[in-house]
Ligand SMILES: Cc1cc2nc3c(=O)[nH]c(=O)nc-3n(C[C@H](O)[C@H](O)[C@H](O)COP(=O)(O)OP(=O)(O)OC[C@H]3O[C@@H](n4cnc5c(N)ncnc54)[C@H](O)[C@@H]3O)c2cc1C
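Consider the single chain below, provided in structure tokens and representing the form predicted on its own.
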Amino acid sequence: MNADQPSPQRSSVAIVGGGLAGLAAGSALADAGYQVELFERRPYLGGRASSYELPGTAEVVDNCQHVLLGCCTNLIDFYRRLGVEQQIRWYDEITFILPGGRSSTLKPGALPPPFHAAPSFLDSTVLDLKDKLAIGRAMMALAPKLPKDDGEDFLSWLLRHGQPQKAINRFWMPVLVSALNEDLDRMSVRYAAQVFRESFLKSAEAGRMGVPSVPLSQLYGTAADYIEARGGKVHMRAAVDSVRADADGVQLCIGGEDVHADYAILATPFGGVEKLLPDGSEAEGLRNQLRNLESSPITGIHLWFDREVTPLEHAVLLERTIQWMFQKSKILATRRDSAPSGSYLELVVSASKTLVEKSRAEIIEMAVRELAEFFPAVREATLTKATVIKEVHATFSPTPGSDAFRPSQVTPWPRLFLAGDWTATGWPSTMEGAVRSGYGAAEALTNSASNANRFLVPDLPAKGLMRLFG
């Protein structure tokens, strides 16, 4: 360590934003001996992965259902760091259902990757043989390597590779719109390919789906205790008004008071970062990058019925507005362990641009009507409660060419860093991408302090025949 650099034990780090990116950075740096102070403007942690009590009820609802896959190595490392990995419920099977109730289940078998799910895929009743053969050809085109983002959208790629409309509607669309939160004609080929290579093809372990079994704010609220147990401090309802940076440190204005830190990480959505960047010509290039990023909405629809309407814990719902069903009555640990009383379902609509302007009543009526097409028991059940949560700027859009505008975690100011799923992580806007950005910012900070630490963990290795492609 250079003599003129402060030791990590005496270096202070201010983190602006208590979403996953900020929490990951703060936890890693607290472990490395830095004095961490995290400032979150809201009264809870988790950012877009948070929960709150529904007014007038005893119900705690997530702002949107968040899931992870086995390939999310850094997110899983973050859970292990916090000691909450046992609060993730893992599934090896995904059920696809058509209106009318016909369903198929995708699950791994005994064949080596990338063919481990082939038997269940070939047994699918929601696709015909022509669709399956076309999908298989396209998957093999994606297997050898991750394509570059050359400006082509994935719908054009699918059509160029001879994908029938039914295959698009019943396979490619439900998987990718949910994973990337964007329409097929607005998503980069690179990120669409990454979803399938990392989760479907590399290994059976990579494709396992994890769902938190506790409310999100409870899951991520443990990060506050983790940071404070290591000498840090987490401030709630602490909105940062402005940031100034120079060679000696960073000044934050919070509620009219100045707070000094040796280093700072801005870990807010990209719209918020643009407003906080220090004044000066060096900020213009970064501001221009951020102005070129776009966002896409997600809508969560929460429904409570007086009886069980399906035995399934989750399912992909095909060819309707609603896309996923999660039966929270069976997923949440507190509900599984208590006497059954009705059924609580959360429905998810990703890339929900058509719902943004619709009223709560219109969305609930649509959701119940469509849900009954998949689960007829809904028609006999009584809806006892319902709410709709619109996350209008849920994720950044992985549009063709968008990588050119995603900034790195390093900024023109040597003591100021960025974290957020919208930064250049190599991943789309996911919880894994957010944690990667936080760990990446923490690594960049320790490198600048001549006390380099490694926080990012490697991807899952390819298995079976996928090892030929890496």
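None of these values were measured; they are calculated from a predicted model. Note that residue numbering follows the sequence shown and begins at 1.
If you look for the form predicted together with the named molecule, you will not find it shown, but the lines that follow are about it.
When contacts are judged by a 4.5 Å heavy atom cut-off, Gly70 does not count as touching the named molecule in the model of the complex. With a 4.5 Å cutoff on heavy atoms, Ser51 does not count as touching the named molecule in the model of the complex; it lies far away. Contact check for Gly440: no non-hydrogen atom falls within 4.5 Å of the named molecule in the model of the complex. Taking non-hydrogen atoms only, Trp413 never approaches the named molecule to within 4.5 angstroms in the model of the complex. Listed residues Glu313, Asp153, Glu228, Glu391 were compared with the named molecule in the model of the complex; Glu391 is the one with a heavy atom within 4.5 Å. Only one of the listed residues (Leu277, Ile298, Met173, Met139) places a non-hydrogen atom within 4.5 angstroms of the named molecule in the model of the complex, and that residue is Ile298. Across the proposed site, Ala117, Ser199 and Gly464 without exception lack any heavy atom within 4.5 Å of the named molecule in the model of the complex. Listed stretches are 60-68, 28-36, 405-413, 440-448; the contact stretch with the named molecule in the model of the complex is 60-68, by a heavy atom cutoff of 4.5 Å. Annotation for 401-430: interface residues with the named molecule in the model of the complex are Gly420, Asp421, Ser429, Thr430 [heavy atom within 4.5 Å].
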